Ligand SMILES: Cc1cc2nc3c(=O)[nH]c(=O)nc-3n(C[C@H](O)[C@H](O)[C@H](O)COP(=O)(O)O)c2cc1C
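Below you will find one chain, with nothing else, as structure tokens; this is the form predicted on its own, and questions on how it binds or moves follow later.
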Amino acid sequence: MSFDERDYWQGSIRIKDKLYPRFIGGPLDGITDAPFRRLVREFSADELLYTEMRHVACVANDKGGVKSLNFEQLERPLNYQVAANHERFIAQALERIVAKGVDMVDLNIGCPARNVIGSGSGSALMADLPRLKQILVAMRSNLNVPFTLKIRAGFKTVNAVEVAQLAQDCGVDALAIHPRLQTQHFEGRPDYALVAEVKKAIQIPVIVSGGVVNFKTAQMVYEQTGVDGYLIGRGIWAKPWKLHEMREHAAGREFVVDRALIYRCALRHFELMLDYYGLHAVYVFRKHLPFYVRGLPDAAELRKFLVTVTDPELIKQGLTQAMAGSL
């Protein structure tokens, strides 16, 4: 690693007037919720984290039942991600979000989910630039914190460079790009050449999303794109230590992930979920468990046991025994 590259990895991404480590915790719906973000914070104090995406109408009309604003200040620095398909509800939603205390707000126009694009939100907005401009202007005028945008390569056709330039013109402070079309979802190789084009076309920071799962892949993407930061989404699932691990590897230090760490994190995650969801955590935790135990020698036995029991104490007991290697 050259001196210049080493200096880059030890440096930061600047979003408006704030500096953050280059590895950022991305949003995964139903995965990177408040309990998980709190667990990540036990490893990474300074890294920027994104919330799960919430529609501005949901936030504006939330009476507390869907927990769209139920996060703690210890989760900061925090980028609150929203979706929108028109200007209605933007002002009210952003007022509530900012009043709660966040470091920035992100508009997601990269989500490829059918129910999202069916409403004209998410990546569908990349095919409707006049409406997108109206939404960007409305959000910028209602925010006194940094404003970021997450995009894709395009909706059905590639237009990421045009969208990125529009975003910059509308006052967006940083841009994250997942370089696949909506039609590709998460399949196929990310188009890093397109990311490099976007980076050259605008002056605001560019963050890459997709395909970066460790420091080695981050190095590869940097060599191809010169981006400013890395949004780690699927790579962080059931790996709350991932941002810290990548930062350690970028500094040339070792970070060991063993079974004790994995099960300790799984147990701590379940405890945080119990505090947040109550007994419903028993069922919510089941989607995380396979990712924690994948590849471990006792994974099948533990998974079979934990997806059938409903007593939280038995789940904690099983994870504790697995951590000690005595399952």
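Model, not experiment: these values are computed from the prediction. In case it trips you up, residue 1 is the first one in the sequence shown, and so on.
There is also a form predicted in complex with this ligand; it is not shown, and the following applies to it.
Peer 1: Met53, Asn108 and Leu231 - do all three of these have some heavy atom no more than 4.5 Å from this ligand in the model of the complex?
Peer 2: Yes, each of Met53, Asn108 and Leu231 comes within 4.5 Å of this ligand in the model of the complex.
Peer 1: Can you work out which of Pro205, Gly211, Gly154, Pro77 has a heavy atom no more than 4.5 Å from this ligand in the model of the complex?
Peer 2: The residue from Pro205, Gly211, Gly154, Pro77 that makes the contact is Gly211.
Peer 1: Quick one: which of 296-304, 40-48, 274-282, 25-33 gets within 4.5 Å of this ligand in the model of the complex, going by heavy atoms?
Peer 2: That would be 25-33.
Peer 1: Evaluate Lys242 for contact with this ligand in the model of the complex, applying a 4.5 angstroms cut-off between non-hydrogen atoms, and reply yes or no.
Peer 2: Although this ligand is absent here, Lys242 would stay clear of it in the model of the complex, with no heavy atoms inside 4.5 Å.
Peer 1: Tell me, yes or no, whether Gln81 is in contact with this ligand in the model of the complex, where a contact means a heavy atom of each within 4.5 Å.
Peer 2: It does: once this ligand is placed as it appears in the model of the complex, Gln81 has a heavy atom within 4.5 Å of it.
Peer 1: Is there a heavy atom of Phe186 no more than 4.5 Å from a heavy atom of this ligand in the model of the complex?
Peer 2: Result yes; Phe186 sits at the interface with this ligand in the model of the complex.
Peer 1: Within 4.5 Å of this ligand in the model of the complex, which residues of 164-193 have a heavy atom? Give them in sequence order, or say none.
Peer 2: Result: His178, Arg180, Phe186.
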